[in-house]
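Single chain ahead, by itself, as structure tokens, in the form predicted on its own.
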């Protein structure tokens, strides 16, 4: 009898733990069920991409997108909605770019190109010059001014196909797009062409930010599609004196005031402790920005909708943030981190979705080891839904500015094989988004936020 009483006593000690685990598991299941049954978020994404493609910060299209997100939030049960002002650059691509080379008998081979973000324009009548092909930035110094001056530098590199998770392949070559024109100008180049940062073979040119620093002259930077990069490289191999004609009419205008859009659910227990969930509302001029990052914004908004639908009352204050200006200068993220919405707030935890809305595979965590260990203790709750990557790594660009505030960071990790087929190109449309995959990601985000809200970070 004494042994039976001891067993009953021990089981009684563990019963609260078992009950909490079961409660968490059930709530996570309910989140996924609600998400997978709903078309609300998918329809919001379609609307956003349809009414506001090309919503680069500073543009009228971006203002349309901000108004849309504000109205969507107003129709929900947020306690407060804010428009946080941000002054941003206004750089516009004015008209289509033109690029071609002669293939003989007066015929021209036109190339699919897009101006890189922040580029200066070509002269009004364009630029025609011989090209010189390089594979790396280091080759510029090796070739020197004698071989580069007066030419168009063509950065023709191959993205690394061997990385199973594809984001490192992007990082390995992005510097040529960002600083290629700056460096080439030091050797007298008149423009640069940059092979699109994609693992696909297609005719979609990909754009992205480029920056000028201290070079002697600002020269145009233009992205060229993968297939036409191959075509141009072959022409150069046959004739090292092949000339390319380039024309673009982009222009920088005075800065304008736009907004981060913020919806807040006030915490019942810790109202000044902030959990931030977000994506960036801006997208490049040449795209609908469905995966980058309209889908991430809609997933973040869906987290709030899921909590409303399940009548979950968070203990910490939850903020859904549509960050402005991630693509050009991250001024929205900086403004959010540096300008408290209210006095005494503590940035506690932040979660970002900005790796496309393909199938979710887990999360990356940026913070102390104890925080990462606590997050990893919940892996079993996510495994039934296919999420298994819980690793210490980077988070997201927009929430990164909260790290110095002591905020623990996380990012949704997605299946990456197709992401750079779409990224920064006209191929990034709502039709390329699978509703179930997007909803699985939103439910996973909501589940992680719920666990942090109920159980803390350590």
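It should be emphasised that the depicted structure is a prediction, and the values quoted were computed from it without experimental measurement. Numbering follows the first chain given and starts at 1.
Keep in mind that the form predicted in complex with another copy of the chain is not shown, yet the notes after this line are about it.
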item	value
Option from 392 to 400, 62 to 70, 48 to 56, 427 to 435 whose residues, in the model of the complex, bring a heavy atom within 4.5 Å of another copy of the chain	427 to 435
Listed residue (383, 252, 149, 234) with a non-hydrogen atom within 4.5 angstroms of another copy of the chain in the model of the complex	383
Among the candidates 103, 310, 76, 164, the residue which, in the model of the complex, approaches another copy of the chain to within 4.5 Å (heavy atoms)	164
Proximity of residue 193 to another copy of the chain in the model of the complex, heavy atoms at 4.5 Å	no
Distance check, residue 333 to another copy of the chain in the model of the complex, heavy atom within 4.5 Å	no
Proximity of residue 388 to another copy of the chain in the model of the complex, heavy atoms at 4.5 Å	yes
4.5 Å heavy atom contact, residue 405 to another copy of the chain in the model of the complex	no
Sequence-ordered list of residues in 406 to 433 near another copy of the chain in the model of the complex, where near means a heavy atom within 4.5 Å	415, 417, 418, 421
